[in-house]
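Quick setup: one chain, the form predicted on its own, written in structure tokens, and binding and motion questions come after.
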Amino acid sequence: MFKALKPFRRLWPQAVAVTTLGLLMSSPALAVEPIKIGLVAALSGQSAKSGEALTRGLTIAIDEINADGGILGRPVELIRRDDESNPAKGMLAARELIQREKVTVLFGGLDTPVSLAIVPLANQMKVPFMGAWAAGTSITQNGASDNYVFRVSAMDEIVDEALVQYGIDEYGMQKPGMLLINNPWGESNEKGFRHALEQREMEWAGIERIEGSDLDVIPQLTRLKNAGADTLLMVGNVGPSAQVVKSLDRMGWDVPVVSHWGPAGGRFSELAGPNADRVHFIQTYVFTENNSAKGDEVLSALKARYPEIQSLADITPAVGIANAYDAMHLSALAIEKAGSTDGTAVRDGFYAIDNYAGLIKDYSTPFTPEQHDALGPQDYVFTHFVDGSIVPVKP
């Protein structure tokens, strides 16, 4: 397992290089400066599994790219920093990777508040910032006239529409209650939920905020129950989402829970307890026993690269792996299209991508100046935890 440095340490940065990098650098024809890819993500704490998943997806893609000769004849090197799910630390880490390490593309992690802190810096420094997890709508739709932010992941505005429709189709939802993390990610989803419900002329029982530090959310749940909520629409990462399930258990309230993908980012099934499977949440990809040819290929590479992966349960959360894998290959194509590592040229290179047969889907013109999100509602799947593994609700 790679060891990440905290951005504020005054030490020579330790690069995280894929195994094929040494082979490439040893070749006289390729003894050149590597192209550096940066990752700022949660590598510690309750959401550390998200950072691990992103690392694995990027690493498998970089292994493939380097085995094929690198990008522009140069090897690719991955450098990681731990943002600890803290926006200030994430922004400092991003600045260090951009200014000191000179990364060509910077990847972001799980937390929308961290990504939102990095967006202005990426646009100012003219360095492409690739979102591989955080779903906040305003990450890519940030209002910048010169936008360098792209995403291969879900987007809140579209996810919220899908969650509302799922609640109606699966549970006959008529009066949902919202449980939203008290940060910009929760605010982003409140807008999306309100819009989706208003479009259907549906009322909601209430909107309650939850904190990452909450150990008991019975008061919020009680208010929603008393207001007549028949389904819960939940947005929160691992910790608060687990507390919702445990609080529901203590209340004895058997209510459907339809969630954004926060529970997938860490030890949710362990923290939430035996009823973790009651939460149905959205994903962009899940490894199963019946994958596509590309899925089997990537799964085999994961098992070879990481011997600790013995079963499908060991690659949770697959969404981080898949998003990062496809995003890295798309980034490589953008750099090839640019013909250089110049930030503006690479940004324009993303617009020049025609097609890419990816893990999540086959991409066709995934990015345009007006559209910086490569995935849409047709790319989502609903899942839940079963015996510690994330599996589709409907196989």
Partner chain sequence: MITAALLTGIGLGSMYALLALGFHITYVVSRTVNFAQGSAMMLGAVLGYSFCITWGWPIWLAIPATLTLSAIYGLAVERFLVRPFSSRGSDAWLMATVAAGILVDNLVMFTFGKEPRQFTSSLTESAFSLLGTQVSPLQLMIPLIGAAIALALMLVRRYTRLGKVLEACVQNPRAAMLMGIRVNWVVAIAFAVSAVFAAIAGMLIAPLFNVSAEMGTLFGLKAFAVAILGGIASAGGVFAAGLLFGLVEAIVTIYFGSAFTQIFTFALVILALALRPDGLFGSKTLVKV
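Numbering follows the first chain given and starts at 1. Whichever C-alpha set is largest while still superposing within 1.5 Å between the two forms counts as the rigid core. Worth saying up front: this structure is predicted, and the values here are computed from it rather than measured.
One more form of this protein, predicted in complex with its partner chain, exists but is not displayed; see below.
Contact annotation for the candidate site: Lys337, Thr344 and Thr365 all lie away from its partner chain in the predicted bound form (no heavy atom within 4.5 Å).
Its partner chain in the predicted bound form comes within 4.5 Å of a heavy atom belonging to Arg223. Put simply, Gly236 is far from its partner chain in the predicted bound form: not one heavy atom of it is within 4.5 Å. Contact between Thr284 and its partner chain in the predicted bound form is not found at the 4.5 Å heavy atom cutoff. None of the heavy atoms of Gly109 is located within 4.5 Å of its partner chain in the predicted bound form. Stretch-level contact analysis of 255-263, 238-246, 171-179, 295-303 against its partner chain in the predicted bound form, using heavy atoms and a 4.5 Å limit, identifies 238-246.
Residue Ile218 is the only one of Ala313, Ile218, Ala162, Met202 with a heavy atom lying within 4.5 Å of its partner chain in the predicted bound form.
This chain appears without its partner; in the predicted bound form, the one residue of Ile309, Leu72, Leu271, Leu197 with a heavy atom within 4.5 Å of its partner chain is Leu271. Once you line up the core between this form and the one not shown, the Cα of Ser269 ends up 2 Å or more from where it was. A displacement of 2 angstroms or greater separates the C-alpha positions of Leu215 between this form and the one not shown, with the rigid core held in common.
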